[in-house]
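As structure tokens, one chain now follows by itself in the form predicted on its own.
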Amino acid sequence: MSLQDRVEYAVRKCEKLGASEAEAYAQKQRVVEIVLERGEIQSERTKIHEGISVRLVKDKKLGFAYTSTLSEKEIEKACEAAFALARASAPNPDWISLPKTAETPTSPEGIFDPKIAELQGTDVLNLAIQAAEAVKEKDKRAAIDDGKFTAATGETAIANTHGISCVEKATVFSCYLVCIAKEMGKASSMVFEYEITRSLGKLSPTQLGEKAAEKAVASLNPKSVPSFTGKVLLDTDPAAAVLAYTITNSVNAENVQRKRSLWAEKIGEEVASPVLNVVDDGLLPFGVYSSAFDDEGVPRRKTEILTKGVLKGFLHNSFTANKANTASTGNAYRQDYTTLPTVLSSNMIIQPGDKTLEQMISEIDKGIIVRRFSGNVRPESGEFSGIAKQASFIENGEVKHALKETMISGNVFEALKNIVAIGSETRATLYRAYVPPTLVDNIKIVSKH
């Protein structure tokens, strides 16, 4: 049986047991992985993951079970376990229905690359070696501490009792290097540089290694500066960790309905700087988090989040949408087949501006640039504080020197209103967001002396 046959089989079995509604979700994944430690290749492994879960409803009572074996016998056992759990559960008065769309969605362009699917361990190893050699060639002071290169090929199938039945294959290649530089017995801070892509043709291991080495060397010989409140240029990753992360949580309908979002009652209001435009686009061509359908089988779509700083809408799965008497935005998400669907962004995109990073730096009279952030961000309140890593001091439009351990802190909701400029170079981040460098004013900066 194909993966789609298996989810349809599970749904039929649940109906025979007496379920009011049922849904089956199945995954198959092949992962080829190379691990680096202290600059040496430590392991090469190929892993296969597969499994199926059943979500079953009987008189508004939910049962959920899963198995990592895709045989008919084990699928039947999972269906029976879910049915038994449903019968023993308390009814959920907010339950209305599983998704009912029977539309057959089309996969976005570029989410499956046969070249990634065909990669073997030796191929991934060669890419890792290219990156490692690029670090050494870029600057002798830089060295790799650890890293990982991963090629993943996956297939997902979903079916339910309302006619949804869909299947999709996708690939992704991700890699990272942790790099450090040493000079005159002193070491730089750790640099974490990564790439994640749907297309092998868009990956440059050499560029990855060179960037990691550049950032590590730029962190050597740090100095402190007097504390001040002013401009902070957040590079793509810290902008994602602080700004995009908070936006994503604030427009998540689960958080809105549980009163965990400060934006719960603010649709139509200006909540950020007019320079800020944000969409969630699950159909972005070559998008790292794009797919034809979400993890309930609802077609993906493009959803406006912020337009010129005005809040336009929230992200929903079928449960939160039914509760709010609206349509799902196609944002149901499961970590894997062992979990129930929640709500999460697909490709949250902060629309780029028209200035390069160099142009943004040239317009800063006094401030800092932060290339990595390590700290706490509380999306419920917006409060954030942490260490600005790979940070440098900017004065009169020039990067002067690396900074010693420096703290930045503030409130994200205020920071969103104090955005001065947005960069033109957007990249995929690990926060399910495409984010450009972002310049924010009125941030507290405390440099260690």
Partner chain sequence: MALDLLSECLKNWSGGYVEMRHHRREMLTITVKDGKMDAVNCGVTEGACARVLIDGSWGFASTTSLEKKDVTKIIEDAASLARASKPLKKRRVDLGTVDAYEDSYETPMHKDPAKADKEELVRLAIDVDKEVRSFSPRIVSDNVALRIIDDKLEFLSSEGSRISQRIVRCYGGVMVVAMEKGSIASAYESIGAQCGLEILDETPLEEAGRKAAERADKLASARVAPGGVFPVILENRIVGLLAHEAVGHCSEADLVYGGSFLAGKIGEKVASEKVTLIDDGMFPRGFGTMKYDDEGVPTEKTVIIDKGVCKGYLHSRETACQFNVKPTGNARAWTFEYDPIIRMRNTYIEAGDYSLEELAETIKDGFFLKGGLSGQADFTGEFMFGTQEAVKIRNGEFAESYRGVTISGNAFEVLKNVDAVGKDFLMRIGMCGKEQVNYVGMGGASLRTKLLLGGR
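This is a predicted model, so every value here is computed, not measured. Numbering follows the first chain given and starts at 1.
Another form, the form predicted together with the partner chain, is not on view; read the next lines as being about it.
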{"query": "Position in contact with the partner chain when the complex is considered in the predicted bound form, options Leu357, Ile180, Cys166, Ala218, heavy atoms within 4.5 Å", "finding": "Ile180"}
{"query": "Contact residue in the predicted bound form, from Lys312, Arg301, Arg141, Arg372 (heavy atom within 4.5 Å of the partner chain)", "finding": "Arg372"}
{"query": "Check all three, Gln42, Ile129 and Tyr337, heavy atom within 4.5 Å of the partner chain in the predicted bound form", "finding": "yes"}
{"query": "4.5 angstroms heavy atom contact with the partner chain in the predicted bound form for Arg378", "finding": "yes"}
{"query": "Close approach of Gly121 to the partner chain in the predicted bound form, 4.5 Å, heavy atom", "finding": "yes"}
{"query": "Residue contact check: His49 to the partner chain in the predicted bound form, 4.5 Å heavy atom", "finding": "yes"}
{"query": "In the predicted bound form, Ala327 touching the partner chain (heavy atom, 4.5 Å)", "finding": "no"}
{"query": "One stretch from 111-119, 144-152, 302-310, 199-207 that, in the predicted bound form, holds residues within 4.5 Å of the partner chain by heavy atom", "finding": "144-152"}
{"query": "Any residue of 166-196 that, in the predicted bound form, places a heavy atom within 4.5 Å of the partner chain", "finding": "Tyr176, Ile180, Lys182, Ala187, Ser188, Ser189, Met190"}
